[in-house]
Structures are given as C-alpha cells and as structure tokens.
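As structure tokens, one chain now follows by itself in the form predicted alone.
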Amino acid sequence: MLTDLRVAVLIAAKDLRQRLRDRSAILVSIVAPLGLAIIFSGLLGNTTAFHARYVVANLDGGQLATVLRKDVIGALVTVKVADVTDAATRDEAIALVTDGKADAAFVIPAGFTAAINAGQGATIEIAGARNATLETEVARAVAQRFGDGVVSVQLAVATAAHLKGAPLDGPATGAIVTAAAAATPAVNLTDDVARLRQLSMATYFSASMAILFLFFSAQIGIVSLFDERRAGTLARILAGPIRPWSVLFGKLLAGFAMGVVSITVLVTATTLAIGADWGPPLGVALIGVTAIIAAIGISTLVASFAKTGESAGAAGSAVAITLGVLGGSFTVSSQSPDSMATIALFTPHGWFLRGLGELHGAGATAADALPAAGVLLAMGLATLALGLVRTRKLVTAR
C-alpha cells in the first residue's frame, strides 16, 4: 500500500514538473483566470452600485408638496441612494437633466396641494435623462408610491364624508388629507444587520473564473495518459512492479494538486488585487476542495470517451465552457431568468457559486457551505467512479 502511494506521488510530481517546465499549467491555472477576473471586475464591478442625482422643482409650496419633497424624495438622501437638489422653475430642472447634471427631475405643479385636498387629480411630472433609465424608473416608482398613498387617503376620507353627509371638498376634508399624508406611517422600515447572501462583483467574477479554469487544470493529469501511451512511456512504467491503479491515482493526484494551487493563488491574488471577499477561510477551503473533486471526476469521465489526447483536451474544454455558461460563470445569477437559475443547479459551477454565496450572510459560518459542498462531492465521486472504470483500459501494458 505504501509502495503504491509512493509511486502515485512520484508520478504526480513528475507530471507537475513537466507542466511547470513548459509554463502551460501556470497560464491555464493562474494567469488566465486571474486576468479575466480582473478584467470582468473592472468592466462590471460597479453595475450593482446605485446612486442617483435628482432635482426637484416645487412649484406648489403647499403642505402636500412639502411632504413629497422633504419626507418622500428626501428619504432617498437619508438612505444614501440619491443626491437631491432644488430648482426654482421647471425649465431650470429640465436644463439640469439635459446638461447631464441630474439623472431625473421631479416637477410638482402649482395647485398640487389644493387639487388633492379638493379630491381632484394632480400630476407629478418626471423627466429623465436618456442614459439614466434605472434612475428614472426609481423616480417614477417614488412618485407612484406617493400617489397611491394619497389615493388611499382620499378614498377613506370620501367614504367617511359620504357616511356623514359632509361635502368632500370642505375645509375639514382637506385638513384630514393633508394630516394623513404628513403623518408618521404606522409601520416603519429600518435597516437590520441581516445582509443578502450575495457575492460582490469582484468576488463573483473571481469565483466564476476560478471554477471555469479549474476544469482545465483538473484534466491535465488524465489527458497526459494519452500522450504517455502514444510515446511508449506508459508501457515502460507498467513493465515494472507498478499496478495500473497507482498510475491512475498519480494522474488524478497531479490534477488535484494543480487545482489546489490554482484556487489558493486565485483567492489570495484577487483578495489583494481587487478586494474580493471569499468568506470564512474554512468554508472556502471546503467548497474549493469539493469543487476540485467534481472537476476531476467530470474531466475523467469525459476523457474516457476520447481516443487521443487532443480529442480528450478538446472535449474537456467544450464541457467546461458549456457547464460554465449554464452554471453562471459569465452572467450574474440575479440578472438571469429563473429557468437559468434552475439549470445552474445541475452544474458544479452553479453549486460552487451558490456555496460561496452562502458564506456571505450575516453570521455565516463554514457550516453554511456544507449543502453545496455535499452536492459537489457527490457529483465528483459519481463521475469519478464511472470515469475510472472506463479509463482503466488506458493503463495497460502494450
């Protein structure tokens, strides 16, 4: 047993030396994924950050208009999602949007408060910049939410006035509407310590490139079997007192070692270079090791159907990229259709990213990664068992 293990370690060490000597392992396992992670993070790193610039032209000055400006639109400043400035006229507000100094403008028309107090309709104008679609939609949502609240109050007041036989446009009715709109809501929403279990852009693309290129690293050992078989090296090895399983294990060990080096270097480099936050080290290690096993298993199974080293490498690369596309390595899962999120659960890439995401909730521990790690391990062991049965025919003396 010890002899077989020693042989496997020697074979793995020999493969690693060869790969490091021709620089292919460094390029595939470290340089490419790290470079792409930095590029993607730089290009898309700010897509989730939202901060709008709004301008308000309050042409009414009444109580309800003041409530809308200070308590509703002003709340956006309080929660730090927008900067809000004031304009004296509609034209001034529109000019700020046109000149690119504001993303959208709220125009509160004269007579706004009086119209609402009288039970009539009132219009809030929203003017958005051409390139500020999201900011404009948020502005519309804010105005719509305020309008819905006013309508609800008007309906309640109208019902009460009807029951009492009082005129809807009386001064008492107007006072009730104004007071209701300005009153503190019965339910207040406050920030809590809970956070979404979601990776930042820097971490997401670092992780997605890591799992994608992990498959290229994992197949290095098993693909080399074809080359050694063709060169006759494998036959000379098996001519001695070496069992085929020792050779297979050595090849798999080489792929595992490359995977560990790749993950370790990428986690360290992306943390220092682009501020990626991978989560608790123990949880990351658990997810990383099981992902390596999954990559080795799938790569071994794919290679078992090939006839040559070139076809094995090409097939492994095609499967890796396909699984990467389906698993979310190229698109953020929160921006993908629900159907794609479901499909991702059938890929190791999807579970790798999911497991890392579970490590980012408030109070998250390594135990939160256990479900994803369990699925990755099951994927790896199942495919590895099938792959070894099929690839054993490659490790025979000729």
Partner chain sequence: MTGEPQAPVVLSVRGLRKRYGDLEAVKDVSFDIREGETYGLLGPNGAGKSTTISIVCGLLRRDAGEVTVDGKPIDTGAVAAKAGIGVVPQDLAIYPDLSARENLTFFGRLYGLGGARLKSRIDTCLELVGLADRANERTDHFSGGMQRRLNIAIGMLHEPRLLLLDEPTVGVDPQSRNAILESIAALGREGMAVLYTTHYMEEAERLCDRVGIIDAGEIRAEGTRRELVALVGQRDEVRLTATGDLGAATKAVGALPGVGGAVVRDGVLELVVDDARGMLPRLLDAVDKAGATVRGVDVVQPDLEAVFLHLTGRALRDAS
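Numbering follows the first chain given and starts at 1. In this text, all values refer to a predicted model and were calculated from it rather than measured experimentally.
Form predicted in complex with the partner chain: not shown, discussed below.
Heavy atoms within 4.5 Å of the partner chain in the predicted complex are found in one stretch of 293 to 301, 319 to 327, 235 to 243, 213 to 221, which is 235 to 243. No residue in the set His51, Thr66 and Arg69 has a non-hydrogen atom no more than 4.5 Å from the partner chain in the predicted complex. Looking at Val389, you'd find every heavy atom of it more than 4.5 angstroms from the partner chain in the predicted complex. Under a 4.5 angstroms non-hydrogen atom cutoff, the partner chain in the predicted complex has Glu228 among its neighbouring residues. Contact check for Ile11: a heavy atom falls within 4.5 Å of the partner chain in the predicted complex.
For Arg6, a non-hydrogen atom is located within 4.5 Å of the partner chain in the predicted complex, even though that partner is not displayed.
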